[in-house]
Ligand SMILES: Nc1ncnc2c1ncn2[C@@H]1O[C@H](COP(=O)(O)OP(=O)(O)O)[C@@H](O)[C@H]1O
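Form predicted on its own, single chain, as structure tokens, below.
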Amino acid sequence: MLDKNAHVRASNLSVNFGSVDVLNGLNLDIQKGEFLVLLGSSGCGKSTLLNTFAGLQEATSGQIWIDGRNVTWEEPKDRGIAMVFQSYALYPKMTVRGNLSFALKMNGTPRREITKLVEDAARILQIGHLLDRRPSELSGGQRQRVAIGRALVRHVDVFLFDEPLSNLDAKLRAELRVELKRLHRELGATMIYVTHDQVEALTLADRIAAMKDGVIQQLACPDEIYNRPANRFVAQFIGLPSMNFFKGKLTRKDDKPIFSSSELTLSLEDYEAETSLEEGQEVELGIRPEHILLLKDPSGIASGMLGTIDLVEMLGSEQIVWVVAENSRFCMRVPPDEKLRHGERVAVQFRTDNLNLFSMQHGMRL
């Protein structure tokens, strides 16, 4: 049944390349004004889904709806969307003004309206002082702003972004992330954004669709994706460094659930389970690096273990410390002023209010 509140919708969508199923019966509702990020590694189907929304890729079966209208077989120009690609694809002989106005001229838009649309886009993207320059005279970040502006002048309600920041260096990516967030707030338009970069996803998205093998593994807000991943794949994929995992079994003590392994015993009394915790069940315990605490005094260690420092990564604002224990290797975040060295014995404490349990059988969160 069609969700009347959805602005963009994929209904039972399948895309096949010969015998290869890239998308198989995918359903996705995107609300008006939402910033949705399609996140996944190469080959997961995220760009194929975006191209199918745009009309650049034909659906094998299923339907695409935009603003309550079935656009499955409509041409891209008739769908009311604008797309920004990874490549800037600017006309090198034209000025910035010419690049921004070219499509409008081809559509027969009146000159006065073109001038207003170009000036409005330049103001929003802060490129007004660049209008008379050519692409060769611009930095990478400025070129990408022009590419975004070329989509912006069309005054559509749906913007599609296919890894637009991938060609930029780290500093420019961070700057343009802020610009995109501000742009979304100012326009209030629906934006669908494809990336493999989890930092982009977590900072930009209202909701993230984490994808693997053409299937949406979890669709949720960044906070839920990060803190309550639906399965082990999402838990491992999101977070830098990744979540730590420890294999063990579920036991009980005084009728309270316990995680138990050869080197670690943790109370699960505060754990908010999605399903029942069955005694004897084999599980993996997941915990983020920031939820493992370095103990000053190892005496009386409770919810933790002893280990040896294997590696220290200084990142300026923090240190990532890798620790080797009896049967495991894990990392934790430590303040930059802690003096730690390779080979040092340390005691660590696990925060039991920030744990995740995953079934060893099917990988889903328990």
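Don't overthink the numbering: it's just position in the shown sequence, from 1. Please read these numbers as outputs of a predicted model, since none were measured by experiment.
The following text describes the form predicted in complex with the named molecule, which does not appear among the structures shown.
Trainee: Scan 45, 304, 307, 62 and let me know which has any heavy atom within 4.5 Å of the named molecule in the model of the complex.
Mentor: Filtering the options by heavy-atom distance leaves 45.
Trainee: If you check in the model of the complex, is residue 317 within 4.5 Å of the named molecule, heavy atoms only?
Mentor: Heavy-atom contact with the named molecule at 4.5 Å: absent for residue 317.
Trainee: Indicate whether residue 347 is a 4.5 Å heavy atom neighbour of the named molecule in the model of the complex.
Mentor: Flag for residue 347 set to no.
Trainee: Check whether residue 22 has any heavy atom within 4.5 Å of a heavy atom of the named molecule in the model of the complex, and answer yes or no.
Mentor: Output for residue 22 is yes: heavy atoms within 4.5 Å of the named molecule.
Trainee: Determine which one of 46-54, 317-325, 331-339, 28-36 lies within 4.5 Å of the named molecule in the model of the complex, judging by heavy atom distances; exactly one does.
Mentor: In short, 46-54.
Trainee: Heavy atoms within 4.5 Å of the named molecule in the model of the complex is the criterion; list the residues of 327-366 that meet it.
Mentor: The stretch 327-366, when checked against the named molecule in the model of the complex, contributes no residue at the 4.5 Å heavy-atom cut-off.
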